[in-house]
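Encoded as structure tokens, the following chain is the form predicted on its own, with no partner shown.
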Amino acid sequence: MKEKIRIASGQGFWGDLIEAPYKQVTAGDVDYLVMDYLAEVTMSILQKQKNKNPEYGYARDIPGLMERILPVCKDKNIKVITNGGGVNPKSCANAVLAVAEKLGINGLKVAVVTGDDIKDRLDEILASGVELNNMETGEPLTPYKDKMLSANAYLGAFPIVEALQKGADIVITGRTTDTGLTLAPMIYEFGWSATDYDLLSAGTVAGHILECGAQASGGNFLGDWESIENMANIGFPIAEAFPDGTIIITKHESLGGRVDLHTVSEQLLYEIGNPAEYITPDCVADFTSIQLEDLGNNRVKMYGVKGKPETEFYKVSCSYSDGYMASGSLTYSWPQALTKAKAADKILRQRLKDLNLNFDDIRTEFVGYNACHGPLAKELPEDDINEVTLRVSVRSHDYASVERFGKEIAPLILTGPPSVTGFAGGRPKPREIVAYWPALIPKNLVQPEVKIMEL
């Protein structure tokens, strides 16, 4: 058993800082690089890509990234774990192996974790009596079944552990929990069991800290953010894990950002409901038991975490097609910028009404005045506002109405209030609305599978 391992966060979402993974494996010593690419809407985007091309459906940044980091990871014996396989982890693995072959790297073992994708099994699951009711509304899924774009269960850490036990150098999964990516190496290296709930919870909390990348090391920080140094070269967080469940959150010293009690505490509060019951497939972590100690020099010690047994369910993230939307914008300048924008909105709404268009919702924002704070925005004297962007969005199940809305924005330039600019990119086009459907499924209906692929 190792005395400690260092697990580096490399991505907080699909589209995060491209240089971060490379810097994590080159700016200092780490044992694992974990990269979280997935969010609820990401799965539906990937599924639509796969529907167009059966070789797609994964984060296609990965092959290019692997071309840069594989030689380093091979030389330093750094293992890579990512859920960037999306809805097609096998194709992602094939792409990574193709990169390895191109680089002349032999003997690379890439593990593929599948079993999370239940979209093609919905009829079977519903027929078994499991209704996959919406966790927020209680509605059964059946009336929406034919609109479903994706349906994936959130797998936990143990399939990744199995992959590591089989000798994987790289583990590529589908919809695995963000926290499971970080927890798995600890289970594997330290021999934690499935009933070591306090230890599993400590690893889960560490995963929660790492899952959003630099958000734990000074990025998007609400505190004294102006004092964060060298954010242009910000270092992503690293978890130093110990067999007793003690975790030290740190970063590479040569990189920017900051790890202290405040940055770590802020991330701990991100996206949690009941802090005493942070539910994952592996355990239920009690965030109220977390003890933090600032050790200085970008090192925060976390210890004392308590946990409880996991539930009998996996959470399922489904997405479905729910109509269409479009947005258009125009910018009005001083003087009377806000008055002009409000007048343009009134004119546009009257024209849409006169056309008898069918909308479920029309939403107007005045960017520069109330787009962020809505009704809480303070009234400002007209002379205090240099410019305001009018942004109007519509949604409807009627494609034709949304399409016609897009043809009513540009005419305001010459048939509405003066001093307008900012119209670019052509007429707004209708876009499909993807709605979220959270549900629970008994774990016995989901069977994770691990397959090793190698050159």
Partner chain sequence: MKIKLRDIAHGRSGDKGDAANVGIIAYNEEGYEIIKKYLTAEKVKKHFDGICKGEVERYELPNLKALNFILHNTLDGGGTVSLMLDAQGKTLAAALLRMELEIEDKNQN
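Model, not experiment: these values are computed from the prediction. Numbering follows the first chain given and starts at 1.
If you look for the form predicted together with the partner chain, you will not find it shown, but the lines that follow are about it.
Contact with the partner chain in the predicted complex, judged by any heavy atom within 4.5 Å, is made by just one of A343, V367, I105, A194: V367. Among D120, E312, D146, E136, the residue placing a heavy atom within 4.5 Å of the partner chain in the predicted complex is E136. Considering the partner chain in the predicted complex, the lone stretch of 105-113, 194-202, 219-227, 248-256 in range is 219-227 [heavy atom distance within 4.5 Å]. Under a 4.5 angstroms non-hydrogen atom cutoff, the partner chain in the predicted complex lacks Y22 among its neighbouring residues. Among residues of the shown chain, V434 is one whose heavy atoms approach the partner chain to within 4.5 Å in the predicted complex. Shown alone here, R395 lies within 4.5 Å of the partner chain in the predicted complex, counting heavy atoms only. The shortest heavy atom separation between N358 and the partner chain in the predicted complex exceeds 4.5 Å. Taking the partner chain as positioned in the predicted complex, the residues of 355-386 that bring a heavy atom within 4.5 Å of it are, in sequence order, D361, R363, E365, V367, A371, C372, H373, P375, L376, A377, K378.
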